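Consider the single chain below, provided in structure tokens and representing the form predicted on its own.
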Amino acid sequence: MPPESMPVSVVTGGAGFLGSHLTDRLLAEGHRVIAIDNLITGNPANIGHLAGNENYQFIKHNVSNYIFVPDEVNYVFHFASPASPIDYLELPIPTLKVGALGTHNTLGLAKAKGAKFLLASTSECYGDPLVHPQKEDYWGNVNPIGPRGVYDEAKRFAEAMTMAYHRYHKLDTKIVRIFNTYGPRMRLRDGRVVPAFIGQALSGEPLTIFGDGSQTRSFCYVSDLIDGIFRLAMSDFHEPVNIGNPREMTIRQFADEIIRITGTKSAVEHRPLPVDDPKVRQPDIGRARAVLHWEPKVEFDEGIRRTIDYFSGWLQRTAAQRKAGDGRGE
């Protein structure tokens, strides 16, 4: 057992892209971390560096089922969920279940332990927005029965459940609405635009743009996002908070930047826009600035170069493994 002064945090989705980075931050802040993940989309490689850390424990478990943690718990961070279009379109029912049952179970754990609770929600709660940029008081424009609705509505329900526990049970809850985030430990082929474009550029393949490329996104480097989440967890604020980088660019501009930075000669090819794909996405971070004294620090060029270096190294290792004939890879 850790010393009494050492806070204990449970992180669901702890082997995922964001969950593993959050774990690193919590450990650096002096927390003991219990990570829970069923590895349906998480990757053990994301947490391999934590093997042997006496303040870290990993439990393979599906949080849509009952969660048992015998230890004292001070914080519960609910990050478990498929989060990329490829994942939640292939896993629609598990996505809905982890948003509903998983949120109920993690809230129940926090209530039983008297712990603080933080929900990882999403800018997808705003759907294809009619308000730009998106502020937390905007209720969204979501198609509940469209193919993306399994993710959007799972997160919207999770927010409603979280606020119900806060109001009815007086649970200390927080909600972060996460905008597009990128950085090391993303999966190369998870369907999101950052790894897709970088992987295509590094492989000399055409960069695939869906639609005409005029749709916009705002990209936040992972360390900035995790800093905002940690600040929110330590705050006394209970309403949703946008965490993201308000620097907005079109998908075509983003493709041009990837081509420029990688030095590739890749062309660009267009494909039809997916159903209900948002046309614009930009966070209003006024609340985060005022309440958390937070704003992003990592410049786009710096963050993208770090991410490109990560994927370049991954591709080189994978190629070497395949050449050695051991068949390993993503």
Ligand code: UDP
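Since the model is a prediction, treat every value here as computed from it, not as a measurement. Don't overthink the numbering: it's just position in the shown sequence, from 1.
The following text describes the form predicted in complex with uridine-5'-diphosphate (UDP), which does not appear among the structures shown.
Contact with uridine-5'-diphosphate (UDP) in the model of the complex, defined as a heavy atom within 4.5 Å, is made by none of Val33, His104 and Leu107. In the model of the complex, uridine-5'-diphosphate (UDP) lies within 4.5 Å of some heavy atom of Glu124. Contact annotation for Trp139: none of its heavy atoms lies within 4.5 Å of uridine-5'-diphosphate (UDP) in the model of the complex. Taking the partner from the other structure, uridine-5'-diphosphate (UDP) in the model of the complex has a heavy atom within 4.5 Å of a heavy atom of Gln215.
Though the partner is left out of this view, Tyr221 does not reach within 4.5 Å of uridine-5'-diphosphate (UDP) in the model of the complex, counting heavy atoms only. Here the chain stands alone, but in the model of the complex its contact with uridine-5'-diphosphate (UDP), taken as any heavy atom within 4.5 Å, falls in 267 to 275 among 267 to 275, 49 to 57, 284 to 292, 297 to 305. The contact residue chosen from Pro129, Pro85, Pro184, Gly199 relative to uridine-5'-diphosphate (UDP) in the model of the complex is Pro85, the criterion being a non-hydrogen atom within 4.5 angstroms. Checked against uridine-5'-diphosphate (UDP) in the model of the complex, the candidates Ile251, Val150, Leu171, Ala233 yield a single residue with a heavy atom inside 4.5 Å, and that residue is Ile251. Contacts between stretch 189 to 226 and uridine-5'-diphosphate (UDP), counted in the model of the complex as any heavy atom lying within 4.5 Å, involve Gly191, Arg192, Val193, Ala196, Phe197, Thr208, Ile209, Phe210, Gln215, Arg217, listed in sequence order.
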